[in-house]
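Given as structure tokens, the chain that follows is alone and in the form predicted alone.
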């Protein structure tokens, strides 16, 4: 895995002012970096800010504080932001709902090329199209169909193919299997893993299923109330969690072992408890937010 940083958040904030007395701090001082070629997992309870962070890193939201560096340059520069939009693709939880119902699968997959004014009829694009179609688990019989004629798993594969046609530097997958049946979830996750192993794609993977995150991720960040409370290599974080909230999350993971399930203890955490301000390095590459 390469060590160059492809994208970095520096004290990133996104605050929404509701009225004079109330401001929602969706992201509140998040700092993290994603290395070129790695899978970075971001986890936390619903409403913790992980999806908002992903959208901010994609340029969908303009931060109210801090900065985002894409390949070492601030996205406050228009040229950098434009390059980031071209080189980052996003896959949503229910990508099927985002696919244009009036377009065939073929047109949907080729749409990003047209948006960025790239040729769609060159020999190189045709070869890339056929290759991505195969790797995404689709075939030419799907090309003339419309999204509503496909299953949920097939629609998600179309969304994956659409994201890969641009040969992105970074793919942001926001809960990409949460709406699918268990058997289809496994197929899609294995597809992501295969694509990452074969091509070295960089993934930011957002999920609430910690077992999936553990399977696919190189490093994991844990979010709570718009803050990053723990970050580290996947096995280090899962085997040696430090922050009480991380311990609480991990204690809820289902393990297919009846004896373990009978004896495990769920650890509660008071999410209303104030958070600290300083990230401490407890072991190489493993950081945790100090407790108050």
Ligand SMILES: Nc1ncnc2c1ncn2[C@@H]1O[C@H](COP(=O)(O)OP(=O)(O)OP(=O)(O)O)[C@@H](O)[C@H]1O
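None of the values given here were measured: they were computed from a predicted structure. Residue numbers count along the first chain shown, from 1.
Separately, the form predicted in complex with this ligand exists; it is not shown, and the next lines address it.
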Legend entry - Three-residue site 91, 134 and 157 fully in contact with this ligand in the predicted bound form at 4.5 Å by heavy atom: no
Legend entry - Residue (of 218, 73, 87, 175) lying close to this ligand in the predicted bound form, criterion heavy atoms within 4.5 Å: 175
Legend entry - this ligand: the contacting residue among 56, 34, 26, 231 in the predicted bound form [heavy atom, 4.5 Å]: 26
Legend entry - Close approach of residue 61 to this ligand in the predicted bound form, 4.5 Å, heavy atom: yes
Inset, instruction - Considering only heavy atoms, tell me if residue 48 and this ligand come within 4.5 Å of each other in the predicted bound form. - result: yes
Inset, instruction - Look up in the predicted bound form whether residue 145 has a non-hydrogen atom within 4.5 angstroms of this ligand, and give yes or no. - result: no
Legend entry - Any non-hydrogen atom of residue 83 within 4.5 angstroms of this ligand in the predicted bound form: no
Legend entry - Heavy atom within 4.5 Å of this ligand in the predicted bound form - qualifying residues of 200-238: 208
